[in-house]
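The data below hold one chain only, encoded as C-alpha cells and taken in the form predicted on its own.
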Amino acid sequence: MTSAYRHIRMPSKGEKITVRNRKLQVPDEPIVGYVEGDGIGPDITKACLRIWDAAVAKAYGGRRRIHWCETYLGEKAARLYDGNYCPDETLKVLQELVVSIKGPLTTPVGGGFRSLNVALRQDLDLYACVRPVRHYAGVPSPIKRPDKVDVVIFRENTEDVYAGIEYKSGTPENAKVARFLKEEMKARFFDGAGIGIKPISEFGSKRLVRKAIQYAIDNGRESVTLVHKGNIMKFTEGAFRNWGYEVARQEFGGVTITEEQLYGEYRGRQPEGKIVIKDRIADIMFQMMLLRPEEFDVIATPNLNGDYLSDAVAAEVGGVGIAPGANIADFVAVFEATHGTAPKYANQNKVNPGSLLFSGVMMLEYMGWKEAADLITLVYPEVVSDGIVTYDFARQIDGATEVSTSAFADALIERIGGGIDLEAKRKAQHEQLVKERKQREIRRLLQPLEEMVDTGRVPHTVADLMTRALITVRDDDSVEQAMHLMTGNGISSIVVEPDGKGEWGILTRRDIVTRIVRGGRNPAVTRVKDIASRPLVSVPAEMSIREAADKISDSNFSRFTVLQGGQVIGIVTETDIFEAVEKFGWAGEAA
C-alpha cells in the first residue's frame, strides 16, 4: 500500500478499519495509527507495542495481527513539518484509520498555541473522554479498599468552560461583554472581572449521555450516574442532568429505570436487564467515590467535573501513571496516556508504561478483541504482585524488584506466553461481580431510606419526589368508587382524568368530607365531576423543590401534576416536599 502523504507511510500490508451500518468493521489485520509522544513517550510506546503484539499473537494464534502506522504530533512533528506541532496530514490519517493511540504530548510554550490534546478533540470532534478507573491487585494505593473502585467516566470533551470563550480583564472585548451583562441582562459582579462563558448544549449533553448508556448496555454495567452541579448552575449543569434523563427515557426506555423507580416501584430490587439512571451533585460524588465507590458504575459528566473527577478517582487506585483514557467521536477514537511527558526521565527506559498500556487494552476492547485485552489485564496484577515493578511502585512496595520499562514489558510478555486460563478467570470475576451486586441489593431491600442517604442520593426536582404510578378516575365514576380506590391504595387524593376541555382534576379526602359528608349527599350516586376541583395546576418535571414549595405557598393548591413533554407523568404534594426535607435536609440547594 503506497502513501500519498508527506511523511506518514502506510504499512504495505493490512486493511483499514471501516464503519458500515453505524458499526465498526475490524479486519483480522487492521492498520492502526500510533503517535510515540514526547518526553517519555518513545520509551513507553516501544514497550507497549511489543506487549500488545504479544497479546494479540497469543490470543488468536497468529490469525490476527495489527499493522502499525506511525503518525506525528508534538515535538517529532515539529522537526518533520517545519515547526508544525499538529500537521493537517496527521489529523487526516487519524480520521482515515478510525482507531489510533498516542503517547503524552508537550504543548509548546508561548502565545497562540493550543493544547495539542484540546486541538485533537476539537478538530476531530472527539466529544467523549472515556476514562476507566479500576484497581489491579498489588498496585499501591492510598485508600484501604481500592478494589471497590471500578468505574468508567464519560467526560464531555467539547463544551463547558473548555470551549475557550474568555475575555481578559482590561480589554475592550471584556468591557463590551461586561457592559452588556450589567446593563442589558442586569447581572451583578465586580468591576474588572475576567469573564468566561460556559456553554452546555442539549446536543452535546445528549450525545455524551447516549454513548455512556450504550456502553453500560454493551458491557453489562449496572448503572449510569449523571454528575453535575445543577443545584447552583441550573441552566447549564442542571440542564445536562435533565437532558440526560430525557435520553434515557426517550431512547433507552425499555432498558432503563430511574433511581426513584428502583426504590419506589421495585423496592430496591433491580429488575433483570435494567440499568439504573442516577444523578449526583458533583461535590457529593467526590465524597461518595471515597466512601461508597462500589455504588457507582458508569459516570457521565460535563467537561470540568470530568477533569477533576477522573484524576481524583485515578489517585485512589494508583495514580494517573496507570490510568488509561480515550477521546472518542461517534466512531473515530484516539486512545492516549493520561499523564504528562515527564521530560526529566526521557530516554532513560525507567518509567511505568501502565497508562499507555491500559489505554491499549481499551483500544483492543473497542476493536472487539477482548481476548487479547483480557490477557493483559489478567497477567498484569500477577507480575506486579510478584514485585516486578518500575521505580515508582518499587519505592512503595517492600521487597520489590525494580526493573526498567523494557524489562517490565519483558516480564509481561513472558507471562502472556506462559499461558493463562482465560475462561476460569472470567468465570471467577463474574461470580464475584454477581455476589457484590446481590449484597448491594440486599442492603437496599433491608434499609432503603438509609441506602438512599448513604449513597448520596439527594432529590432536587419535583420529578425526584413525585408519585409516578398515577391512580386516576373518570368524571362519570361515582365518588364511592373513588373512595374505594383511595382507601385501597392508601392515598389521600386521586387524579381525575381530563374532561372535554382537556383539563385534569383532583379529588381529595377533604373534598369528600366537606362536599359529600357535610353536604349530606350520597357518594354512590354523586359523580366525581360534581365535586372534583379543576383545573389541576401542573408544573414541569425539572422544577426545583424550592420553586415548588414557593408555588404551593403562593397558591391554594397542596399538590400539582408533573408534566414532561406535554404529558402528565406523576403527581407531587406538599407532603412529598415535607418528607424530602425531613429525610435529606436542604442538601439539594447547598453550595
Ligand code: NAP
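The first residue of the sequence shown is number 1, and the count goes up from there. The shown structure was predicted, so the numbers you read here are calculated from the model rather than taken from an experiment.
There is another form of the same protein, the form predicted together with this ligand; it is not shown, and what comes next is about it.
Colleague: Which one of Met233, Ala342, Ile284, Ala400 is close to this ligand in the model of the complex, taking close to mean a heavy atom within 4.5 Å?
Modeller: Exactly one listed residue reaches within 4.5 Å, namely Ala342.
Colleague: So which of Thr338, Asn305, Thr455, Thr71 reaches within 4.5 angstroms of this ligand in the model of the complex, heavy atom to heavy atom?
Modeller: Of the candidates Thr338, Asn305, Thr455, Thr71, Thr338 is the one lying within 4.5 Å of this ligand in the model of the complex.
Colleague: Based on heavy atom distances of 4.5 Å or less, which listed stretch (384 to 392, 141 to 149, 365 to 373, 412 to 420) is in contact with this ligand in the model of the complex?
Modeller: Contact-bearing stretch, as computed: 384 to 392.
Colleague: May I ask you to state whether Asn352 is within 4.5 Å of this ligand in the model of the complex, using heavy atom distances?
Modeller: Within the cut-off, so yes.
Colleague: Are any of the heavy atoms in Val130 no more than 4.5 Å from a heavy atom of this ligand in the model of the complex?
Modeller: Although this ligand is absent here, Val130 would stay clear of it in the model of the complex, with no heavy atoms inside 4.5 Å.
Colleague: For Val334, is any heavy atom within 4.5 Å of this ligand in the model of the complex, or not?
Modeller: Although this ligand is absent here, Val334 would stay clear of it in the model of the complex, with no heavy atoms inside 4.5 Å.
Colleague: Is there a heavy atom of Ile40 lying 4.5 Å or less from a heavy atom of this ligand in the model of the complex?
Modeller: Yes.
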